[in-house]
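Quick setup: one chain, the form predicted on its own, written in structure tokens, and binding and motion questions come after.
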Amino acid sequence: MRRYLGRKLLIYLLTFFVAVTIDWLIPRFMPGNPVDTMLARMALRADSAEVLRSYYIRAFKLDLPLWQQYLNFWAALFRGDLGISTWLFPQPVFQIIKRAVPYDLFLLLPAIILSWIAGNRVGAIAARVRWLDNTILPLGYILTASPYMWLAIVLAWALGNVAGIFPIAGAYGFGLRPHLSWLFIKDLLWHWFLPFSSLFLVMFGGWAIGMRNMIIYELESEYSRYLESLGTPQRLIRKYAFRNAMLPQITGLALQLGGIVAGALATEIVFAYPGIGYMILNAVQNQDYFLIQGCFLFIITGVLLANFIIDLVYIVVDPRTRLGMTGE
């Protein structure tokens, strides 16, 4: 087992190195540079702009050869320094991401976990209740086939613009400042509901269909038929089928949770919700190398950690994994 985990850890470290390298390279393939974009927003005179351009190019060390910039990036990363944002200059990238992550957790964590619980339960019931299956299956396909952005726009139009029930932009009222009070918490939840609903509904449809199909597959498999021929109670057979059907659902849940720090780009754009997905959009539009690198670094780390945790969970919940390890 120790050798198995050591090999897995080595693979993940190598993947991290390659992924972060690509993360560093991609922004630099974009035309232009972040300093020119930053100065363009200042509307300076030509002579002043040129002086500031030379200063910022040296300050951000963009005048160095690419190989040296690459080595400086890794050296700064090991010190925990993600650089300074050019879009929100002079704020450190880490502080910007630190402000955005709580909004992603507040939005995505309930959406993922609640949709996973509800979808698996409804899908498991639909696999053996015909009238529910006839209802859930078409509804689930419609929901899971709906793009997040499209459903977000529909909800914003119907419940925001037409009905006027919920706000359609921001994480809280523009006249408020974050503070601990019932007024602020109520406003926060009021702005949270529509982005949450759009994510929950799409995810719910996917989890319900996945669980329903997996349970039907397990109930029609050879071991289920064999147990049935032995006179095993249907309740026990369904219990085994449910446990086996849960394995891919656990994998999907871990991957969803691993990507939680990526934010929900489409949904956050529609509702101008200040998570990491919305930050990535602004960073790309402003050619902010350092913020792009920092955001994707968090995403890479989250996804790799989720996959590593999946490997550990499978060792615990799936005896076949343990047998495979002992047979090495």
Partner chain sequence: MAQERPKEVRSEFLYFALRNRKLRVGLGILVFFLLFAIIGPFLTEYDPNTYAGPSAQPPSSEFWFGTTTFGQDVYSQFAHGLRSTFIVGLIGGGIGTLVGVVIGLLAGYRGGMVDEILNMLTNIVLIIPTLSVLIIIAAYLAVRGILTESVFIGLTAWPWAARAIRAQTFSLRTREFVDLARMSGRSSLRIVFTEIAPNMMSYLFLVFILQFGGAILNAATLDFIGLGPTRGMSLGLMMNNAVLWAALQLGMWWWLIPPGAAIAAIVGALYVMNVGLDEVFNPKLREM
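What we label the rigid core is the largest C-alpha set whose atoms superpose within 1.5 Å from one form to the other. Residue numbers count along the first chain shown, from 1. For clarity, every value in this text was computed on a predicted model and none was experimentally measured.
There is another form of this protein, the form predicted together with the partner chain, and it is not shown here; the text below is about that form.
Phe296 belongs to the set of residues with a heavy atom inside 4.5 Å of the partner chain in the model of the complex. Looking at Ile216, you'd find a heavy atom of it within 4.5 angstroms of the partner chain in the model of the complex. Using a 4.5 angstroms limit between non-hydrogen atoms, Ile250 is distant from the partner chain in the model of the complex. Contact annotation: Asn134 falls within 4.5 Å of the partner chain in the model of the complex, judged by heavy atom distances.
Of the residues in 130 to 163, those that come within 4.5 Å of the partner chain in the model of the complex through at least one heavy atom are, in sequence order, Arg130, Asn134, Tyr141, Ile142, Thr144, Ala145, Ser146, Pro147, Met149, Trp150, Ile153, Val154, Trp157, Asn161. Once both forms are fitted on their rigid core, the CA atom of Phe308 lies 2 Å or more apart between this form and the one not shown.
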